[in-house]
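Next up: a single chain in structure tokens, the form predicted on its own.
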């Protein structure tokens, strides 16, 4: 399919955008929070998935080689999870100049204290123990996320629960831009902005079926940095070992248990038989001679069944950076066409358009 046919097909579909910062391998929290939904949506929507490699520099600017490697690993994980590059556009943030131009413009639309009030930023500063040592780029990346999204003018953004505050700031920017530069009434309903002449739709959050998966420590959100994650590339024995670490605080198999714990979040997320899930919840609540260990074995088996085809797809990409680069090169080319259309409209609305520009993106260029 050529580029013109691809864009014509995509134009008839509702567009979504979401993505990942390359901080390492993807894990089950990514799967239930967003990636599973992406795999479903790619068949019905025009999907753009960003590898936000510039954002990784906010805390690892001294490790560019690691960030580059992690960027390629994320693409492998996405393909493993079921993202089809023939159906979806996977691209690198650093290769789309529009994002960086809009970041600067959007920064003028947000008060500095509004950016710092973002609860997700506050949580990251605490979890990563950044104190007062973080760079100016760290809060700026929250503005950059607004540009990541709005550069592609999506209607929806699949996110985990913790990313909803970032999206709310994006929605504020879209409303403010449309009001300030396009004359959209500030009392207009979100769904009316484009039909009233706004450049940007006000995107909605699409939270996954599990907005915030607990890590195996049973206390914190699953995270590589906290050492409580099950990665999609973990072999079966490693998955079993990690699942057995899930903390519940229950003492015995005859003790009535509270199913509002981390273990049963895994039961509900990964055991596909709804009847079996309800049976386990009933036995556990009554303390009917069913131990945590037995349930953990069932969970581990279900997770390994889920991961087996993913790991097979991932194995086919091991050592094949050339294939990964081809996927990215094609995705970046399409992403730039879409983003440049957005930028042209934004520049005209904001009085920044003096003459037409064309982004040259050679088919032979090397990323």
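Numbering follows the first chain given and starts at 1. Just so we're clear, the structure is a prediction, and the values are computed from it rather than from any experiment.
We do not show the form predicted in complex with ligand ATP, though everything after this point is about it.
Contact with ligand ATP in the model of the complex, defined as a heavy atom within 4.5 Å, holds for exactly one of 162, 95, 73, 268, namely 162.
Think of it this way: in the model of the complex, ligand ATP has a heavy atom of just one of 285, 135, 225, 289 within 4.5 Å, and the residue is 225. Judged by heavy atoms within 4.5 Å of ligand ATP in the model of the complex, the contact stretch among the candidates 336 to 344, 322 to 330, 298 to 306, 28 to 36 is 28 to 36. Although the partner is absent from this view, residue 212 contacts ligand ATP in the model of the complex, with a non-hydrogen atom inside 4.5 angstroms. With a 4.5 Å cutoff on heavy atoms, residue 237 does not count as touching ligand ATP in the model of the complex; it lies far away. For residue 221, a non-hydrogen atom is located within 4.5 Å of ligand ATP in the model of the complex, even though that partner is not displayed.
Put simply, residue 100 is far from ligand ATP in the model of the complex: not one heavy atom of it is within 4.5 Å. Residues of 66 to 98 placing a heavy atom within 4.5 Å of ligand ATP in the model of the complex: none.
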